[in-house]
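Below you will find one chain, with nothing else, as structure tokens; this is the form predicted on its own, and questions on how it binds or moves follow later.
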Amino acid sequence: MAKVQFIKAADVKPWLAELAKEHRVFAPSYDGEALLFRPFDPAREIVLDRAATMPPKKTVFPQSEQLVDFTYSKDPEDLSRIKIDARETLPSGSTVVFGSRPCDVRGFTMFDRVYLTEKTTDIYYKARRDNTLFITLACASIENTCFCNWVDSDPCDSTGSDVLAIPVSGGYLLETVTDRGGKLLSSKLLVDGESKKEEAEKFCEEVAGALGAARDLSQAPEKLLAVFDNMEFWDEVSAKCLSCGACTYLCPSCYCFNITDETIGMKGKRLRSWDNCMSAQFTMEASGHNPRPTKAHRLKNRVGHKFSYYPAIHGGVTSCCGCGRCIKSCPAGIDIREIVLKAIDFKPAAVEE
């Protein structure tokens, strides 16, 4: 049975201060007008009444990270030969992320199916994933861009979390999801939460109901493939797109990257940085050929990957969390929901005999 504890709202900061003695702790706070997951600072306000502008993706998959240190040296026996001494720079230490939303953390389960497999393991991702714990906060309000229930989730979904925090009167009910999450609930600031369980259950029912009815996306994989070669369709739905990439950078489940080497003299480092599939350079080949030459081709790949190709490879799981950030922050007002539904409802024009 999951362990449940209660913490007063006023005790959240002191609790995080305790956790910060053993872990790096991140919590949502403002940086200018953006609400980001920043290193915990007792003097800084923690904002929990709205979802962060960006998900906490950087805590496990940094926007830019060093993978390798390398040094060139000349072979004293043959000066025409260059030796390379390369060393991996694996991350260390443990991290606790507080205040992430269910859709945020669910995104990492989509990373896991790609980077943590029997055939391939990304050692850098694994090192952070294994040592990062998520205290997820159930959503208390629903925005018109939210659609997590379309992708088999809900505002109290604990998938990918270690602890689920549910707002109740006076504070939060903390439900243990994993054994290691339970170890975070040993503070004297926490008390038994059994008396708050009924209130928490009612909260989750009400907030889930606020989402309204979910649309059926079961036909999306097949229907998106059916319009794959219909460039008139993709030209139409991508007409407003600016190819700015905001959708990919704000997405909890986008995991594409680029590798670059930076050198100064005889020393250098290899970096991995997020990449943007909406950029014309994303698939640009050395020859100059680009298999996705237009924004229509690139948007087709982005939507198709999330709602068709990924589900086909990973047992029907959609690579979208329904957080709505790509809708809310798109400067051109593109709505990925409309594109998917348009593909599902698309009927080819009748051919005249």
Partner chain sequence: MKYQQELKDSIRKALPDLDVVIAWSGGFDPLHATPHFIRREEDIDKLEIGPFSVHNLATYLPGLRGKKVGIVVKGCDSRSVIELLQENLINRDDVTIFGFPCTGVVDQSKIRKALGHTGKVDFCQITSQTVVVGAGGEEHKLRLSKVLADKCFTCQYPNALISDHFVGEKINPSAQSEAGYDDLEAFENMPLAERFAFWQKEMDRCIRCYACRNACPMCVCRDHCLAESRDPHWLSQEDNVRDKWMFQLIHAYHLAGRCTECGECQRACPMDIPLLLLKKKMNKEIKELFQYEAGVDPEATPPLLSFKMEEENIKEREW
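Residue numbers count along the first chain shown, from 1. Remember, it's a predicted structure, so these values are computed and weren't measured experimentally.
Although it is not shown, the form predicted together with its partner chain is what the next lines describe.
A single residue from the set Leu250, Val207, Val151, Ala226 has any heavy atom within 4.5 angstroms of its partner chain in the predicted bound form; that residue is Leu250.
None of Ile82, Leu189, Ala214, Ala280 but one reaches within 4.5 angstroms of its partner chain in the predicted bound form through a heavy atom, and that residue is Ala280.
The chain is drawn here without its partner chain; in the predicted bound form, the stretch among 127 to 135, 263 to 271, 73 to 81, 87 to 95 whose residues come within 4.5 Å of it by any heavy atom is 263 to 271. For the chain shown alone, Gly315 is not a contact residue for its partner chain in the predicted bound form, no non-hydrogen atom being within 4.5 angstroms.
Within this chain, Asp112 is remote from the site of its partner chain in the predicted bound form, having no heavy atom within 4.5 Å.
With a 4.5 Å cutoff on heavy atoms, Thr145 counts as touching its partner chain in the predicted bound form. By the criterion of a heavy atom within 4.5 Å, Lys295 is counted among the residues contacting its partner chain in the predicted bound form.
Residues of 236 to 271 that come within 4.5 Å of its partner chain in the predicted bound form, judged by any heavy atom, are Glu236, Ala239, Lys240, Cys241, Leu242, Ser243, Cys244, Gly245, Ala246, Tyr249, Leu250, Thr260, Asp261, Glu262, Lys269, Leu271 in sequence order.
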